[in-house]
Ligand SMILES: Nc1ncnc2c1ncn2[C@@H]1O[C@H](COP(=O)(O)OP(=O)(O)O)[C@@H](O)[C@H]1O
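Next comes just one chain, in C-alpha cells: the form predicted alone.
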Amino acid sequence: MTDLTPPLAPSLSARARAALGRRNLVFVGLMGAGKSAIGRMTASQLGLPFVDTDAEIERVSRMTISELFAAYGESEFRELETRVIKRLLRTGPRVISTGGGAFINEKTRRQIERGGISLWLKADLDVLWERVNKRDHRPLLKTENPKQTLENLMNQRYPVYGLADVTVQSRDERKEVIVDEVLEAIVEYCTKGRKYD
C-alpha cells in the first residue's frame, strides 16, 4: 500500500537557512534594539554560530567597550571594530550582532555589504529608552540628558540604517515572534532579491 500523505513543507527555519546559503546575517541598529538577543535566537533557529562584535572586541582587546572608548576614543574603537567585523565575515556563514555605530562607519558598511545580508532591527525611541535606561554601561549615553542623546543618535543614524538590505520592527513583543519575522524577511529578501521593509 502506498503512502499518500504529502511530504511536509520545509520549516520556516529550514527555508531561511537555505535562502541564506553561505552568506552571513548581520544585525545592525541602535543600542537596545535587541540585536544580541534576537540575533542569538535567530542563529539557533538557523543552526549557525552567533557572535556579538562588542563581546569579540572585548575578548581580543582584553578591555571593556567603555574602557576602549575612554583610552583610545571613538575613532580608534571604530578602526578596531572594522577589523574584527572583517575577520568575522570571512569565516562565515554565521549570525553577527554589531554595535550601534558599526554600520554608520562607511568602511565597515562596505565590508558588511560584501560579506553578508544586513538586517536592521528598527525600534521606536520609547522602546529603546525603556531597554537602555536600566543599565549605565553605554559610553555614548554618559551625558547630561541621555534620552535626548539617544533621540539625537536615532535622528543621525536611522537614515544610514535604512540602507540595510532588510528591516524588521523591534517592539514589545515576544522574542519568538520577532525571530519568526526575521526568518520570513530573510526568505523574502533572498528569494525575491529585493529590499524588505
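A quick note: this is a predicted structure, and the numbers were derived from the prediction, not measured. From 1 onward, residues are counted along the sequence shown.
Although it is not shown, the form predicted in complex with this ligand is what the next lines describe.
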Exercise. So which of L68, M31, V166, L46 gets a non-hydrogen atom within 4.5 Å of this ligand in the predicted bound form?
Worked result: M31
Problem set entry | 4.5 Å heavy atom contact, I38 and this ligand in the predicted bound form | yes
For this session: Flag R23 as yes or no: does it have a non-hydrogen atom within 4.5 angstroms of any non-hydrogen atom of this ligand in the predicted bound form?
Result: no
For this session: Indicate whether this ligand has at least one heavy atom within 4.5 Å of a heavy atom of R171 in the predicted bound form.
Result: yes
Problem set entry | Contact of I178 with this ligand in the predicted bound form (heavy atom, 4.5 Å) | yes
Exercise. Going by this ligand in the predicted bound form, which residues of 104-131 come within 4.5 Å of it through any heavy atom?
Worked result: R131
